[in-house]
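Given next, in C-alpha cells, is a single chain: the form predicted alone.
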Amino acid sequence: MQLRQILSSAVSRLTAENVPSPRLNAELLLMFTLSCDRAYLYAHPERELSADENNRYDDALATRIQGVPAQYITGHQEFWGMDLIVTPAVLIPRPETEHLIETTLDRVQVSPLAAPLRIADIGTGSGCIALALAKELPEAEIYATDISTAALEVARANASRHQLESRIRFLEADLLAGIEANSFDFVISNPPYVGESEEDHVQLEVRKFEPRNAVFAGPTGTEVIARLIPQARAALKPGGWLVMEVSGTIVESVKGLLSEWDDLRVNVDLQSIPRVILARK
C-alpha cells in the first residue's frame, strides 16, 4: 500500500476510535515507523510500504487506540527545541511547562543575583526543565532532584544525549531533602498539582498511563506544594526566587501558602489560564 493511502486510512481509523488529533498522531507514528521526518511523508506519497513496515505501523496504531500516549510509543517528545527521551517512568513534557523556563529567564535578566547562578529543579522527571535552563544559562550551576530512580535514569540519558551531563548534578531525593540551606538563587518545579477530586476531569490516557505520583498530589492538589514551599524557603538565598507550575484550580490556595513571601506574581499561559506562580524570599 502507498504511503498516502495508509496515512489516510490511519487518520480515518483513529478518528473512528475518538483518538485526539488523529492526523497528528497518524503522522507521528508513521514517522516513527519509517524513521523519517514529516517532510519525507509529503515528499514521497507514492512510496510503497513493505509488509514489515505495514505490520509495525498497524501495531503502533493499535497501541495508540488503547490509549497509550504517542510519546510513550515513539519514546520521544520535543521540549524547548530539544528531542527528549520519554518512558512511562516520567511525565510527558508539555508546551505549557515552557512557561517555567520563560519566567525563570525573565527573572535572571532583571534580578541582581551574583554569578554563577545556582538553580535547583525539583521533581525533574525527564530532566526537561534542567536541560532547558542548562542550555540557556551556560554559566549556571544546576541541580536536579527526583524521588524516582527510574526517572533519574531517563533524565541522565537526556543530559548525555544533549552533552549537558557535566552541567547538571542529579540527586535522588524527596523534594529538597538534604539540600544545603541558603544555597540557591532559584528553585524551579513542576510538581504534582492535580487533586484526586479532579481525577474524572483528567484525560484518560494521562491518569491511566502517566506516572500517578507525578500528576496527583493528594485530595486537594496542594499537598506536595505545601511541603515544597518551606523547603524552598530554607534552600534559597535571600532574594532568591521560587518558580512553580500550577493550575487555575489551586492558584488561590498556593497564593495563600506564599503569603509571607515577597513579589508574589502569577503568569498566565496562552489561554489566559494561571500557569506559573513565583515569589521572592
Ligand SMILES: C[S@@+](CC[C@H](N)C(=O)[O-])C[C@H]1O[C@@H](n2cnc3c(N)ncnc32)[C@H](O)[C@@H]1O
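The structure displayed is predicted, hence computed values, not measured ones. Note that residue numbering follows the sequence shown and begins at 1.
Only in words, not in the display: the form predicted together with the named molecule, which the text now covers.
At a distance threshold of 4.5 angstroms between non-hydrogen atoms, A155 is out of contact with the named molecule in the model of the complex. Interface membership of C128, defined by any non-hydrogen atom within 4.5 Å of the named molecule in the model of the complex, is confirmed. Residue contact check for N213: one or more of its heavy atoms lie within 4.5 Å of the named molecule in the model of the complex. Contact annotation: L113 falls outside 4.5 Å of the named molecule in the model of the complex, judged by heavy atom distances.
When the named molecule is considered in the model of the complex, only one residue from L164, I73, I179, L91 comes within 4.5 Å through any heavy atom, namely L91.
Note that among 105 to 113, 92 to 100, 156 to 164, 200 to 208, the stretch whose heavy atoms approach the named molecule to within 4.5 Å in the model of the complex is 92 to 100.
Residues A173, D174, L175 of 158 to 180 are found to place at least one heavy atom within 4.5 Å of the named molecule in the model of the complex.
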